[in-house]
Structures are given as structure tokens and as C-alpha cells.
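Below you will find one chain, with nothing else, as C-alpha cells; this is the form predicted on its own, and questions on how it binds or moves follow later.
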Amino acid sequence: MLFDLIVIGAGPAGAAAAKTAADAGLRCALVDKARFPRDKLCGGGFTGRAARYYREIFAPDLPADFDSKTAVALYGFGEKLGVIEDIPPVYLTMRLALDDHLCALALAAGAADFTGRAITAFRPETGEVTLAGGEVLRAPVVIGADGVNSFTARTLFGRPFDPARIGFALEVEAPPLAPEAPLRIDMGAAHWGYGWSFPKTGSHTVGIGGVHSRNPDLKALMRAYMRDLGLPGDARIKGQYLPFGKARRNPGRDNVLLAGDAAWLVDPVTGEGIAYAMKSGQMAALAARDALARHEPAAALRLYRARLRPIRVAMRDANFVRLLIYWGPFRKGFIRAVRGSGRLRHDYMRLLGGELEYPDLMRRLLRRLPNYLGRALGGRKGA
């Protein structure tokens, strides 16, 4: 079967790509080995940035089943840094419901449904995808939005990720907390990582994640975190690789593009990947549209990289912020600065709420950097 575009993976990145392509009038096939709804390990935090992209790509109103929180308890390396109230809303969801909803919107827009169909072969140079059962799909441009263990990336580069740079996360679903319970974020609960406690209607998602190579004892850290939160020790722990850090230098090859987790587009500070997944999926579909309009499918990657530049700049700045938080010489300064500066705490929450982006936060931090360094070296404690 012939299409203009094949999207591999129907999570947030793939659904956004398929919805955008269908809205643009492209004949698009949406392929996923799973039949939706299907579960996925994820804290389910839906930031203000994600809400903005959802409204831009999918629909003007957020799903009615989202929870909304306007308070967070912030911890750093075992110390309580304060409860921040009246923050911009941070939404919470379950990926079982969210991904099913996004996939349904993409299919309703006109994408052809090939979910529940595993891929047995992929020829990037011809855009030929063979499904289990022998059916062959062809398109001049292919988008791989198939997650951190991306089959598409493995086909292009021999492996889906660099084991030395990959993160890893563990998570449990616990009994629900009181409706007024705040979000909780624990920076430093893992080495170069964080913990999260997300109270939701009907559930309480708790997890911990960090750089895999720096956390050989991550399960022990997770057990300790669960004890701190008063969770039963026999709760079932799930694990998943987490591609946070630096975005892929080459998010694809010629007519094959990678989006979302497959392109390593996960916020290195918050670990949130839904927003950049949706936005990169949209950008990849628009790059495919433009390349096809030029009759140059091989130009798709160049056009996509140009569209991705703002995200790559934001992730570069986020990695600098991450260094200020987690690198040993700066850690003490971070704790002192956050504890002593309500403005800094609120800047962090405005980031989660989508009211502040990393380039803006970088400019603010650079103005405060001399004072921050003074705190790190044990200097004066001024705000």
C-alpha cells in the first residue's frame, strides 16, 4: 500500500505526527505493535508546555479526566526546600488513557490505522515497511516515533541509544492520597536524578530516575524512597530506560526522521518527555510535508533539524541548569539558593507551568551566578 508518510509508533510523538500530517492532507499510515489502550511507564506529569502543545496540535480543551495541581513540595538531596503554593497548574494523567486519546484523535483526523501490527522488516532507503502477516507499506518519508528502544533508530544506527548516556527510571502505582495532597519532587533522590510523587484521582504514581551508569543500586534507592513516603515494600516496581540528557545529533537520516524519545528529546532537568514528544512529532510531519512539496524526500532531515533548533537550544540550556543542580561543587550552592530564594523556587515552577522557558531561565541564572557560586563556596547567604 502506498502512502505519503508512514509513522512508526502511536504514542504522543507518533500521534502528533500523524494528526499533523492528516490535517495537512497527507496520506499517512500510523503503525504500532500495540493495540491501544496500552500502558506505559511514565509519571504522567503534563506540564504547561505540554498543555500548550496539546492545544496547538490536537484540540482546544484538555481532556476532562486530567488532574490539576497548584502546589508542590520541593526537596533537594534529602532536605525539604519548601512547599510552593499558587503555582501555574501542572496537570497529571495516566498514560493508559492519554495515549489512547491521542491515538484516537490522530485516527479521527484521517490517519490509516495499523495499530496492533508488529513490523518484521524496514528498508529506510525505499521507505518500505513490512508488517507481520506480510503486508507491505511504502512511503517516501518515514517518521520513527517508537520510543527509547526505537526499532527505527536501531535500523538506522545499529542501536537505539548509547548505554553510557542513557537514564533509567523505576516506578510504582500506590493507593491514592487525599485530593489536596501536593506534587512532590525530590532532586537528588538518585545520582544525577530525581524522585517524584504524583497524587492522582484513583492512584498515586511514585518513581525515581537518574543516569543509569551512575546508579547501579537504583532499586535500593527506590526502596528507600518508598520507605520515606510510607509506601508498602511489596509494591510492584516497573522499570524503563529514560533518554534524558542531550538530544540526538542526527535525529534521523535523509528521508527517515526520529521524534520524541527515539530522538532523545526528554527534558534533562524534569525528565518530562510528553511535551517535546508532541512538538517534535508535529515538526517532523511538517518537515515531511515541505520535503514532499519540493519533491525532495531526502531533504526531510535538513528541514526537520531547522525546525528542531529551538528545542535543541532549550535542551542545551537545560543541561547547564542540570549541572548547577547536580554537580558536586555546585550542589551546596543550589540547596542554599533555593531554600533562601522564593523567586528561584517560583521560577522552577513557572518552568513546569509553561510560563517560563529554559533560555529565559538561563538569563536569570546567569545574572545570579556570582551569588550562586558564593553560596557553593560557603560565602554570604544573601537572597
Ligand SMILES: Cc1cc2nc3c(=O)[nH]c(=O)nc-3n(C[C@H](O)[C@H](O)[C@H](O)COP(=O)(O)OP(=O)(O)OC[C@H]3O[C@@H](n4cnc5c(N)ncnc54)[C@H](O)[C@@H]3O)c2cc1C
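Residue numbers here begin at 1 and follow the sequence given. Owing to the predicted nature of the structure, the values given are computational and were not obtained by experimental measurement.
Same protein, other form: the form predicted in complex with the named molecule, not shown, and the subject of what follows.
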Residue 45: heavy atom within 4.5 Å of the named molecule in the predicted complex?
yes
Could you confirm whether residue 188 comes within 4.5 Å of the named molecule in the predicted complex, counting heavy atoms only?
no
Quick one: is residue 346 in contact with the named molecule in the predicted complex, heavy atoms, 4.5 Å cut-off?
no
Can you check whether residue 255 is within 4.5 Å of the named molecule in the predicted complex, heavy atom basis?
no
Assess the spot marked by 33, 99 and 266: is the named molecule within 4.5 Å of a heavy atom from every one of these residues in the predicted complex?
yes
Please identify the residue among 142, 145, 285, 111 with any heavy atom within 4.5 Å of the named molecule in the predicted complex.
145
Specify the contacting stretch among 72-80, 287-295, 167-175, 304-312, defined as having any heavy atom within 4.5 Å of the named molecule in the predicted complex.
167-175
Going through 82-98 from first to last, which residues have a non-hydrogen atom within 4.5 Å of the named molecule in the predicted complex?
95
